[in-house]
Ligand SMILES: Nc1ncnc2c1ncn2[C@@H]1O[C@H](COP(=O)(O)OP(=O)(O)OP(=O)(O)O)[C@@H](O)[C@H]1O
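Taking the form predicted on its own, here's one chain by itself in structure tokens.
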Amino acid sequence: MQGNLPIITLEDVRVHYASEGSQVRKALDGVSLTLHQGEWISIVGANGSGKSTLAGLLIGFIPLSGGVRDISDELTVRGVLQQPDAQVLGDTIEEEFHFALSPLMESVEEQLEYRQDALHTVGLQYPPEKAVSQLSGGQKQLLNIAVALAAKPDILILDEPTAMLDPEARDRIETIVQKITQRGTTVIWITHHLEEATLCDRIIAMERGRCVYNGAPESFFYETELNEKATREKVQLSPCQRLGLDPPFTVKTALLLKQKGMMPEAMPLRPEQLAKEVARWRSS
């Protein structure tokens, strides 16, 4: 995290929908969060936990049923949603960038410079007259990310941004996010692939429309608290496990090694961190 300046504040926000009969579906139910400048936040949770609703609320697509969303009108917010076709406005790559950038800058030369830089950044090498309809789902997602990056947003919200991408493109997007957060952009990354959450500054976990964890990645995957069932069975569960989520392979491997008495204090999140901890333990 690059700074402590609050950039978005949510206070007791609620998003409720009418359901069958007199029932009310509480997509978000009393969420309070403060997001800071230059912070990379991963929002995780099971399907239906409220992750995408929270993304839409942060972008401004979804109205509040209650509570306060506090964000300056001067900040530029961009979002990339799960379905790439839902965000496409133009018939060609050039039109797509024109619709996004013309409200922000009048100079055609400046728009061209930003477009070329963004396409190069995400690894798309197509002429501007290329029809969007000729792109694959993954290529459309990269185009949406490029369009969002070209706007130089203060806040970038990515909802399952790598779902349609191959491993190389996924790694590229992770590297891009690391760079732009270092420059001060706040990134909210919503994912069910918990390996992607190991690079962030903070994890926010959702369950049934509520925020049930808000803290460091290490504590989410390794911190142990005993609930009543765990106390009876003498089983310690991390917040990740208590939510029924599947930890990253690196974390699962480290937990197995801990059960054998190895690396009792270590909390590796990435493969390279695990390798270093194993080497350190063996040499101690």
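This structure is a prediction, so every number in the text was calculated from the model and none was measured. Residue numbers here begin at 1 and follow the sequence given.
The protein also exists as the form predicted together with the named molecule; that form is not presented, and the subsequent description refers to it.
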**Item:** the named molecule in the predicted bound form: contacting segment from 25-33, 66-74, 249-257, 236-244, heavy atom within 4.5 Å
**Value:** 25-33
**Message:** Under a 4.5 angstroms heavy atom criterion, identify the one residue in 170, 192, 130, 210 near the named molecule in the predicted bound form.
**Reply:** 192
**Message:** Since only the chain is shown here, I'm wondering whether residue 83 would be in contact with the named molecule in the predicted bound form (any heavy atom pair within 4.5 Å).
**Reply:** no
**Request:** Indicate whether residue 49 is a 4.5 Å heavy atom neighbour of the named molecule in the predicted bound form.
**Result:** yes
**Asked** Can residue 53 be called a contact residue for the named molecule in the predicted bound form at 4.5 Å between heavy atoms?
**Response** yes
**Request:** Report yes if any heavy atom of residue 160 sits within 4.5 Å of a heavy atom of the named molecule in the predicted bound form; otherwise report no.
**Result:** yes
